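Just the one chain here, laid out as structure tokens, in the form predicted on its own.
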């Protein structure tokens, strides 16, 4: 497999985009990424999306987007892996280029979740759970995460308020990100008084559904055009899986898919945890932040909440996370989220993050995109230097 790099990125603001459709959002992100990469010749397009059929009545999505993006005739494939669809599409683009099958590929993640009622969106998102033994029983993803959070608090003796730092840091960082949905701070008192959704998860524990698209251009070293941006190298992109239903797991507070994908990615990149200085994690809910950090090996089991209260994950901490707001405050346009994470990491390497958010000295960054309640996990490691 030959080394591959990201040479261009593009993104739309995460919003309720009432004035544009699914294809238009995707095309905006693709064109921005192609311009960023000095307009290379693209041979393949991989589209990450979860709910286009249900929310937009549009399947056969990748060819539609290729057509409207001016890429008619190229290979175009939609990739679906629930909330991990974006990073899964990125992995397919990386494999296509690294294998030599194509020279340059684009991965785009796109989702519109505001086309229909919140009830339809909730029903669509529940399709990432076990249809027979979870969704059919009426349990939503909020409820599933509430069960996890309640169990975590019981096992490790935390109070609800102890989870506030995850929300606070995401909202603090999002204020400087023009593409984020939310631009307001959250105080601990505000968090504690937030409306309860599924006890103990309140409104501020939950990432907002929204519309958005993000894209990256991936190419091999020998075919890389002399674009204006420095290349960011892909050192690993690995998938781990677990059971879909929580009740089938030996320990519901340990995410095996996170553990496996993280271990495989670090092994592929020949790195250990100490070399990772930026972690864009899948903070769909506050409890998911804690479980991800622990299962990925960045915190001992039961200790992620304590570390968050010590400031370890802030911009000035040992392992900054959610540096552009994360899912919690940037927003969670499901099939696009994994690509947004990668775009945000790339901008850090290229010194193009909004100045208050710009980190210094990051050599390696990890992004982690999770599908369902941890059933599918895509972990990517990016680096400043060629592998």
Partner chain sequence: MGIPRNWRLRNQRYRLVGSQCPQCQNLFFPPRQVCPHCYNSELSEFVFSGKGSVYSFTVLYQTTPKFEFQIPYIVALIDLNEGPRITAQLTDVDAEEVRIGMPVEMVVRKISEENERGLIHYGYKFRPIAFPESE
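Positions refer to the first chain, counted from 1. These figures come from a predicted structure and were not determined experimentally.
From this point on, the text means the form predicted in complex with the partner chain, which you will not see here.
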query: Proximity to the partner chain in the predicted complex (heavy atom, within 4.5 Å), stretch among 116-124, 210-218, 85-93, 173-181; finding: 116-124
query: Candidate from 278, 74, 271, 135 lying within 4.5 Å of the partner chain in the predicted complex - any heavy atom; finding: 135
query: Answer option from 185, 310, 199, 192, heavy atom within 4.5 Å of the partner chain in the predicted complex; finding: 199
query: is_contact(residue 251, the partner chain) in the predicted complex, heavy atom dist at most 4.5 Å; finding: yes
query: Contact of residue 241 with the partner chain in the predicted complex (heavy atom, 4.5 Å); finding: no
query: Residue 304 within 4.5 Å of the partner chain in the predicted complex, heavy atoms; finding: no
query: The partner chain contact in the predicted complex: residue 266, any heavy atom under 4.5 Å; finding: no
query: 4.5 Å heavy atom contact with the partner chain in the predicted complex for all of 131, 147 and 246; finding: yes
